[in-house]
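Here's a solo chain for you in structure tokens, the form predicted on its own.
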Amino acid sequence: MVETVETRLPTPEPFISPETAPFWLAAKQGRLVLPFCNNCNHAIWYPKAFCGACGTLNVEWRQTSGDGTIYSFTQVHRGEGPYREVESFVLALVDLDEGARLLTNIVDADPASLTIGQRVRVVFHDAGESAALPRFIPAS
């Protein structure tokens, strides 16, 4: 299940390039999409027009489940830019079930309760007119 929730973290509006526009448009709609290779089925992250695994240009955007596991994480106590005023937050690498690894935040969780390999699911935080930021919460 994909949901949009409020957050205490800043939600800066991202730079949207032609390569990332489908990602941000879908996120604004509460969907997590990624480019996939139609030849080898490789999930492509960071978005680009070709497959890094086999080199083809035969790429299409597909919706993901939004489910994954924590690959690594850290609790940040001194952020920069819009995160400077936040007391602390969790920065994590999440392995999506579809194979891509995203740099993101884990929200609505005590950092002391998080573990490597823990199941998480995506939520979206509004970032203005054209985007929402995908972040993750522990799966229940």
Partner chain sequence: MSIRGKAHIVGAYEHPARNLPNHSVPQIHAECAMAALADAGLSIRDVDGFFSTGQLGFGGVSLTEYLGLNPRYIDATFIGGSSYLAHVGHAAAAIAAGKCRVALITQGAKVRGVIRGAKHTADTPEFPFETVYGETNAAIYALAARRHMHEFGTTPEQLAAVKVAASEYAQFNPHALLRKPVTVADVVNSPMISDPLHRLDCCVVTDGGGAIVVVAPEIARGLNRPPVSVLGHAEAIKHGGRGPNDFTSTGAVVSAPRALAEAGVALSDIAYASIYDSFTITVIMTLEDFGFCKKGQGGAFVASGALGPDGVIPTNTDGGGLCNNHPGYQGGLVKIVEAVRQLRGEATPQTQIPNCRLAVAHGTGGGMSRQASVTLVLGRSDA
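Bear in mind the structure is a predicted one, so any value in this text is a computation, not a measurement. Residue numbers count along the first chain shown, from 1.
The form predicted in complex with its partner chain exists for this protein as well; it is not shown, and the discussion that follows is about that form.
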| item | value |
| --- | --- |
| Non-hydrogen atom contact Glu80 with its partner chain in the predicted bound form at 4.5 angstroms | yes |
| Close approach of Ser113 to its partner chain in the predicted bound form, 4.5 Å, heavy atom | no |
| Partner contact for Thr74 in the predicted bound form: its partner chain, 4.5 angstroms, heavy atom | yes |
| Its partner chain contact at Leu93 in the predicted bound form, heavy atom, 4.5 Å | yes |
| Sequence-ordered residues of 88-122 touching its partner chain in the predicted bound form, heavy atom within 4.5 Å | Phe89, Leu91, Ala92, Leu93, Gly99, Arg101, Leu103, Thr104, Asn105, Ile116 |
